[in-house]
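Take a look at this one chain, the form predicted alone, written out in C-alpha cells.
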C-alpha cells in the first residue's frame, strides 16, 4: 500500500496515521505472512496429494484411463474448496482454486526435478506431473460469476473432474503410441517404465486399469471422468464446510482466572459502570 500523504516521519494510509517506520514494518510483515502461507499451502497440499494419489501421478506408465482419471481430480479438489471458502468469505477474493493448484504445481515440479531426476536418476519423461491449473481456473471463474458456493460445487466441481484428462492428453498422447519391443506390442510409456524399474518391498505391484469398465464400449476414460466429476461435487461441498469451520475464530472462556484471584468479568464491568 503506497502512502497517500507524508508529513515528515508520519504518513496517512487510508485515513489512519502511521509512522513511516511502522508502515514499512507492517508491509514487510504482510509480505512475510503471504510467503509463509503460500509455502504452507504448497507443503501441505503436496504431502496430501503424494500420500493419496501417489504412484498414479508419479510414473507415466501408471497414468491410466481408470484410476488416475478417477482419483486425481477427487483428491485435488479438497484444498481448493477449503481455501476458496476462506478467501471468498473473508476477503471476497475468487483466487483460492488457482492459488492451491499453482502452489501444488510448483511443489510437484520441485519434487520431481530434485527428488526423482537429480537424486534418483529417473528421467523426467517417466515422472512428469499432471497439469492441474485448468481445473483451478474453472472453479474460481464459476465462483466469481455466480458468487454462490453451491453453484460452484455443482458446475465447477463437475467441470473440475471432466477437464482433467483432456487438458493432460496433449502431454500424454506421445506416450500412448504403440511400439514393438522383442516381439511384444507395448506403448512408449510402458517401455520407459520397463527400462527404469522401480523397487519396493516385497515387490512393486503395477495396479492400473483393473475393473469392468471395458463393458462400456471401451470408453473407460469417459466413464471415469464423469464419475470423478460427480464425486468432486460432493467432496467440494464437504471441504467448503471444513474450510469455513477451520477458519472460524472461537474463544473459550478462562474459568481459572477467578481461582487465581482475578475478578470475574461481571465484577469488572460493574465497577467500570459505577
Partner chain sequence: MSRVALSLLSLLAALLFTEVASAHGERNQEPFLRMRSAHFFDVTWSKTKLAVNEEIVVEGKFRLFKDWPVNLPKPNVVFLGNGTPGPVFARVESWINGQPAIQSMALKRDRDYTFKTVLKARIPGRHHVHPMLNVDGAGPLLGPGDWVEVSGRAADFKLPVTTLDGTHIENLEHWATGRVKAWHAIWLVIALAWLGYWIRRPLLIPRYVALREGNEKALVSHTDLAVGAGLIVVVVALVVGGFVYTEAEYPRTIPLQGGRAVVEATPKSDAPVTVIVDRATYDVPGRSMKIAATITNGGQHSIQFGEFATSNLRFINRAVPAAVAHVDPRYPKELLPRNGLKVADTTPLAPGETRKVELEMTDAAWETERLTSLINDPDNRVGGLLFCYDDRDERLVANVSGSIVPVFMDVASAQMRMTH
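Positions refer to the first chain, counted from 1. Since the model is a prediction, treat every value here as computed from it, not as a measurement.
The following text describes the form predicted together with the partner chain, which does not appear among the structures shown.
Undergrad: Taking the shortest heavy atom distance, is residue 115 within 4.5 Å of the partner chain in the model of the complex?
TA: Residue-level check for residue 115: no, no contact with the partner chain.
Undergrad: Is residue 74 close enough to touch the partner chain in the model of the complex, meaning at least one heavy atom pair within 4.5 Å?
TA: Looking in the model of the complex, residue contacts with the partner chain do not include residue 74, since no heavy atom lies within 4.5 Å.
Undergrad: Using a 4.5 Å heavy atom cut-off, state whether residue 134 contacts the partner chain in the model of the complex.
TA: So residue 134 counts as contacting the partner chain.
Undergrad: Is the gap between residue 60 and the partner chain in the model of the complex 4.5 Å or less for some heavy atom pair?
TA: Looking in the model of the complex, residue contacts with the partner chain include residue 60, since a heavy atom lies within 4.5 Å.
Undergrad: Since the partner isn't included here, can you check whether the partner chain sits close to all of 42, 231 and 235 in the model of the complex (heavy atom within 4.5 Å for each)?
TA: Heavy-atom distance to the partner chain in the model of the complex: none of the three under 4.5 Å.
Undergrad: Going by the partner chain in the model of the complex, which residues of 113 to 149 come within 4.5 Å of it through any heavy atom?
TA: Going through 113 to 149 in order - heavy atoms within 4.5 Å of the partner chain in the model of the complex - the hits are 120, 121, 122, 123, 124, 125, 128, 129, 130, 131, 133, 134, 137, 138, 140, 141, 142, 144, 145.
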